[in-house]
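Single chain ahead, by itself, as structure tokens, in the form predicted alone.
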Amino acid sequence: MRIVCIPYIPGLLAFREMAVLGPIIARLRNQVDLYVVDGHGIAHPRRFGIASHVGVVSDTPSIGVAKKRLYGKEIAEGPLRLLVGDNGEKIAAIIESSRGKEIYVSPGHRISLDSAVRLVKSMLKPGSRLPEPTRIADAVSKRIRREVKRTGIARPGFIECSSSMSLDRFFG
């Protein structure tokens, strides 16, 4: 558990989250076959969202699964709904859950769009919007956040922000 020192800024999620994810990724080195990340992969204005960051840092295939569109134009290709970038490249697929809510699936690193979609679909349980790994992580993090708010007690690993971790470091 960490205090996050950089506010959420659309398109710059990795700057906020990688300080927390980096040490975890390092500990899991060579133990993970695929990362499923709550965020975008190449469906990003810079073609490099947080799922791409996680995949490159770990040198492991990664998939971004986001709840909101950040970038891209929607097109229909047969029964599929896709997002394409400015150059027409297919950057994500839009999958509608049984509850009628959409998710955006995009390759992060070392995986094709077709494989990312196939794998994410295999991880969806009936009635769930999110793939199972992401759904479980989301539920655990919300439970921990509620506990910390209720008790005021943070578990080991909790750190404070330092001046070197401020936004000024990145944006002057």
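These numbers come from a predicted model, not from an experiment. When you see a residue number, it is the position in the sequence shown, counting from 1.
Although it is not shown, the form predicted together with the DNA is what the next lines describe.
Taking Leu13, Gly49 and Lys142 as a possible spot, do all three reach the DNA in the predicted complex with a heavy atom inside 4.5 Å?
-> Yes, the whole candidate spot contacts the DNA.
Partner contact for Gly55 in the predicted complex: the DNA, 4.5 angstroms, heavy atom = No, Gly55 is distant from the partner.
Using a 4.5 Å heavy atom cut-off, state whether Lys149 contacts the DNA in the predicted complex.
-> Lys149: contacts the DNA in the predicted complex.
Touches the DNA in the predicted complex: Val120 (any heavy atom, 4.5 Å) | Answer no; every heavy atom of Val120 is more than 4.5 Å from the DNA in the predicted complex.
Quick one: is Leu124 in contact with the DNA in the predicted complex, heavy atoms, 4.5 Å cut-off?
-> Close contact is absent here: in the predicted complex, Leu124 is far from the DNA, nothing within 4.5 Å, heavy atoms only.
Using a 4.5 Å heavy atom cut-off, indicate which stretch of 55 to 63, 108 to 116, 24 to 32, 37 to 45 touches the DNA in the predicted complex.
-> That would be stretch 37 to 45.
Going through 115 to 129 from first to last, which residues have a non-hydrogen atom within 4.5 Å of the DNA in the predicted complex?
-> Counting only heavy atoms within 4.5 Å of the DNA in the predicted complex, no residue of 115 to 129 makes contact.
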